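Starting off, we have a lone chain in the form predicted on its own, written out as structure tokens.
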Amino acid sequence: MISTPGTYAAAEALKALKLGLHTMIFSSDVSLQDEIALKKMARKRGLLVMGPDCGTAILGGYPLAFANVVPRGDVGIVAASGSGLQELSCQLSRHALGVSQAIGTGSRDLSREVGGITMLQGYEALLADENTRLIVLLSKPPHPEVAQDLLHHCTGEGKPLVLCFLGMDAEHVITGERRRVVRTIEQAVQAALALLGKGPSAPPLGLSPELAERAQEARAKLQPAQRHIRGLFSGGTLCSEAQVVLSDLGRAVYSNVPLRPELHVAQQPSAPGDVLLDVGTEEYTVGRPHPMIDFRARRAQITHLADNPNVGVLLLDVILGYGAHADPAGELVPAIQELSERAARVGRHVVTVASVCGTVGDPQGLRPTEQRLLEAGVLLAPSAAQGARLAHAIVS
């Protein structure tokens, strides 16, 4: 496992491969040319290069880097997303499904240049893994040529297969007896349950009656102009999934990592309409740790939302597990309380909606974290996707 400055990471990975070691490169800022060369060399030697920019893996039951304490089980995962892998593994565990292996690929693996080398290797490894009954491949939409290669190569004939291409156009979604192509993590969990015979083929995706009632109560506290959502996410994939859900609900969502180029907005969330920001991008993390560890960027933006008369909902993710902050609720609650106090001084109320990505076994504790957020007046959703639905229900 390599976590040096990116300038030196490729050289260390090369040493590891020459020693016959699989390599996980946590470092970012490794050149694309080095990534391609390392992965091609590893493939020839029958080794895996996970990364660069690989933040999460669970191998042989052992969590590496940012990972949660999830049970071992039947589902093998290959993911080009760290926070997406965490959310998927945690949501599976809430439905009594465990993880056999979870292999990270790095964020550029499904680019045209890299061609999905590690994802295809990971898929082949899970096909041969006797502990894996079902395989999930997770990423943002690959380059079209790479997507075709994956669809051609990963047939699901050997084992049931779910391909989750986050935000892929709905017309490309496929439902079959042994293979499903879906566009959200929420749908990936549904598909896994169905393919393993543990749930209906299409459980409802709407809010529960309890959450719908809470949304109605929260909506009554808002002024007529408060019809916009501001999201501040530490997980980039969770930010993207929330955008997919809100877009499907008919909302135009601006972001620094938008679904479409015309919806791009810079760091300061001052654009009209809904704005969801990934605060884990380079413009926020230069010279400071990842926002799952360092909450300064989010805290500063949370308190300033009281100055915007059009914002009705603050939407957050809270990620637990190894590597994450020891007390995320303790970091967020004072900022949320200050937001409420500042909004009240000008006669407004801002609703905070959050989802916690974690399990009862995580070091921070899922239940204590949720309880502290609830005591601060936060409305909790059971998943990031449901958090986006709850936010929409409040301001729509």
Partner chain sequence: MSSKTETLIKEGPRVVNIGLDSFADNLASLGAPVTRLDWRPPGEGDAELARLVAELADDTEGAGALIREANGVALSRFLAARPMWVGMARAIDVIPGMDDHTILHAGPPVDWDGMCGPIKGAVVGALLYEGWARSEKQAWRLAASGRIRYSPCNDHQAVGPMAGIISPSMPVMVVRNETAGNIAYATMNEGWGRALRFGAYDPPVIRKLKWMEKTLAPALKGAVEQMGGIDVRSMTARALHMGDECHNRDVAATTLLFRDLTLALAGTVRSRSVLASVLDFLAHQEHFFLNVSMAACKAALQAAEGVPNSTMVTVLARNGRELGLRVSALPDRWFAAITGTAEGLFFPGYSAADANPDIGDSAISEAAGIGAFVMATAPAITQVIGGTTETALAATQNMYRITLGENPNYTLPILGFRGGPAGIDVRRVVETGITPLIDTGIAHKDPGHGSIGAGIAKAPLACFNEALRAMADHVRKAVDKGAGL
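These numbers come from a predicted model, not from an experiment. Numbering follows the first chain given and starts at 1.
Beyond the structure shown, there is the form predicted in complex with its partner chain, which is absent from this document and is the topic of what follows.
Would you mind picking the one in Glu130, Glu210, Glu177, Asp169 that has a heavy atom within 4.5 Å of its partner chain in the model of the complex? Spelling it out, the residue with a heavy atom inside the cut-off is Glu130.
**OP:** Let me know the one among Leu366, Leu339, Val333, Leu47 whose heavy atoms come within 4.5 Å of its partner chain in the model of the complex, would you?
**Re:** For this set of options, the contacting one is Leu47.
Any of the heavy atoms of Ile36 lying within 4.5 Å of its partner chain in the model of the complex? Contact with its partner chain, no.
**Prompt:** Does Gly347 reach its partner chain in the model of the complex if we count a contact as any heavy atom within 4.5 Å?
**Reply:** Gly347: no contact with its partner chain in the model of the complex.
Is Ser396 close to its partner chain in the model of the complex, meaning a heavy atom pair under 4.5 Å apart or at it? Answer no; every heavy atom of Ser396 is more than 4.5 Å from its partner chain in the model of the complex.
Would you please decide whether Val360 lies within 4.5 angstroms of its partner chain in the model of the complex, comparing each non-hydrogen atom pair?
So Val360 does not count as contacting its partner chain.
query = in the model of the complex, which of the stretches 367-375, 350-358, 325-333, 47-55 has residues with heavy atoms within 4.5 Å of its partner chain?
reply = That would be 47-55.
field: Sequence-ordered list of residues in 101-119 near its partner chain in the model of the complex, where near means a heavy atom within 4.5 Å
entry: In sequence order, Gln101, Ile103 come within 4.5 Å of the partner.
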